[in-house]
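The chain below stands alone and is given in structure tokens; this is the form predicted alone.
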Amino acid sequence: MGRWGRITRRTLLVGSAAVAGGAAFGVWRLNQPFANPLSPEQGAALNPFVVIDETGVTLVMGRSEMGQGVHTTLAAMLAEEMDLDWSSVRVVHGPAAAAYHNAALAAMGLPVADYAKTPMQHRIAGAMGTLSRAFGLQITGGSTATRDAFEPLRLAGASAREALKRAAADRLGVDAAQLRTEDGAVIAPDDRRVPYTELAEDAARVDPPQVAPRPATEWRLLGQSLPRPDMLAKATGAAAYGVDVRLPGMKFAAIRMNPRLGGPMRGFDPAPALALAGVERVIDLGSGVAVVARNSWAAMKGAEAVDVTWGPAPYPETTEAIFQRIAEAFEGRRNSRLRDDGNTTRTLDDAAQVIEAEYRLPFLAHSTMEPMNATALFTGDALELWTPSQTPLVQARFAAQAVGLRADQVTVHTPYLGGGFGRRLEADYSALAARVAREMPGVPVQVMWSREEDMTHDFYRPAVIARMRGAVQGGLALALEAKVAAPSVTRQAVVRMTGLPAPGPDKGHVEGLFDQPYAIPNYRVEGYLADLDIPLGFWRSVGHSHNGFIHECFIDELAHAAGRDPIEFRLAMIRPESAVAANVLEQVSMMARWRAPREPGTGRGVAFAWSFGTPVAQVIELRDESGRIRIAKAWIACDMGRALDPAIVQAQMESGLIYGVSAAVMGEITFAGGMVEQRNFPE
């Protein structure tokens, strides 16, 4: 963070470099190019991703590092093409800028199955991706960071390399074609070496060469498990997260908001808080209060001490009543029918045996290890914001609106995130920090949420009801009908983030059900949207997180009714649809030795899902240990295509499994009296 502050504070020494489709150098030319947002004190910004000064090369990332290793893989794309020594690579998060827009995320909005996209649908999805430019979607989410960057970043690195070679050719008086690059230097035929640090300013004046990236057969870094640039600092405690921001003269604040989400604050008495040592003031936020103190502990204790009168919630007060509201959605108008193969109604009406099941899944909180926080400095005509977020431009816009500024008057710094999972797509915590800072001009203030405030004021994964019917014949599924009711995450979140409605069928509502590669001749999936004012947000894997569970549980019910092994039953329907998916299921079967005799007191389950472009299969083994069930073993197989860093892929799969199991066995969020009952992890 400190280094980035040094890079960005003065004007760019070199003329503005054009960014086309996400890269300043490269062949991605879409309409008008973006201006290069980087302004280094010394050296040169060759494009929005590469800064070279006298100390070396810094790679600038437009995506947030929240433990998933994205800074490693994206930096490797640039380093691969620029022939950098990996041990010398330095990585920082870039500014809030449209140059870092996420085209892949917008392209995912097409309501079709990933595994079965036609060439025309791929072209349409690509065209939708260009919309991200107009909306400035600088977003880390949707499992898109690597997919989105794969072409643009390699093109940027390749063109930067060739620009450096041309600068060296002019200096050395040789043809650029005779030069090569290695370990951050240009090398002449007579072995003279010119470091990039000496060539940067000249290279930035070169007309950007348009060159293709190297083929995979020439890769040195991509495809390997690389040491992560962020890991040493994280292992030693030196890494700067949002909670670690410290500025001269900084104050600390804690918030307290209505536990009945969206309800009003009718009044408060600050006296009990002001009587505590270290507490300096209590700020009225309209819907809650912020307590400012000399340290975070005093601020949190002060927030607890404020005597507040809260108004009621705008939704049913109990979990039971909330589920009743969701169930009523089935009686209303259908929102979507994104799969409707065969004649499901007639098939189920004529079936000798119909298998039925209803699934109810709870609300879930994101529960990031680092609670929500942001640090803000308001100076009247500008706002500086340090916020661990997945959406820097959204943070700037919301914070600006909160204090009556324009978004371009807000400077956003993005430190490491102590977990995101979709929660930090939202900007509520940044807006609150900005509002507190406005009351204290010239004084930096860190607004820290307690674990209790964080858990009870989340944007939750929605509660869901699914009503399933099916029939089997000849050992196969003959029909499957899924009806899903839940409030819409997409409609809430899109309106909050863009101010625009999200009309049409809600793909996220039924993803994980309509888009699975099962050859079932009569297959219908319908979505029903419940009207519910509980705050909802994107939760890791979004609709797949609940619909994948629902789908695979019901597939097991059908397998049982058909009298078949769960894996063989799945394979019989998946093979005709997708050889890739079938291979994943076969691989996990072999890994787990599924067909081998099992130890007494053990049981196994299998599930498959095609989610966010990747087919994944898992086997879980349970053991009965004196009447207590323990999750003993797990096996995972996936096929994401080319693994650019195998160790990071493995970490993602393992962390996803752990996160999913944790949510399944202990993550339930319930309501009583309009309030969330679970205020901390032990609850």
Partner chain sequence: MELTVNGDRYETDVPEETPLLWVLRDELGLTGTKFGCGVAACGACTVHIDGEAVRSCQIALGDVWGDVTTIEGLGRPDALHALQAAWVRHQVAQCGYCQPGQIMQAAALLAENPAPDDAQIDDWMAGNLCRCGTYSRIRAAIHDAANSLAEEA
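Numbering follows the first chain given and starts at 1. Here the structure is a predicted model, which means the values were calculated and not measured.
Beyond the structure shown, there is the form predicted in complex with its partner chain, which is absent from this document and is the topic of what follows.
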> R339 near its partner chain in the predicted bound form, any heavy atom under 4.5 Å?
Replying inline: no
> Does the 4.5 Å heavy atom contact test between Q473 and its partner chain in the predicted bound form come out positive?
Replying inline: no
> Even though its partner chain is not shown here, does W297 get within 4.5 Å of it in the predicted bound form, heavy atoms only?
Replying inline: yes
> Taking heavy atoms only, is P248 within 4.5 angstroms of its partner chain in the predicted bound form?
Replying inline: no
> Out of F378, F252, Y460, F398, which one falls within 4.5 Å of its partner chain in the predicted bound form, going by heavy atoms?
Replying inline: F252
>> Just to be sure I understand the contacts: of R220, R180, R598, K234, which is the one whose heavy atoms reach within 4.5 angstroms of its partner chain in the predicted bound form?
In response: K234
>> Looking at 194-202, 523-531, 235-243, 281-289, which stretch has residues with any non-hydrogen atom within 4.5 Å of its partner chain in the predicted bound form?
In response: 235-243
>> Could you pull out the residues of 471-508 that have any heavy atom within 4.5 Å of its partner chain in the predicted bound form?
In response: none
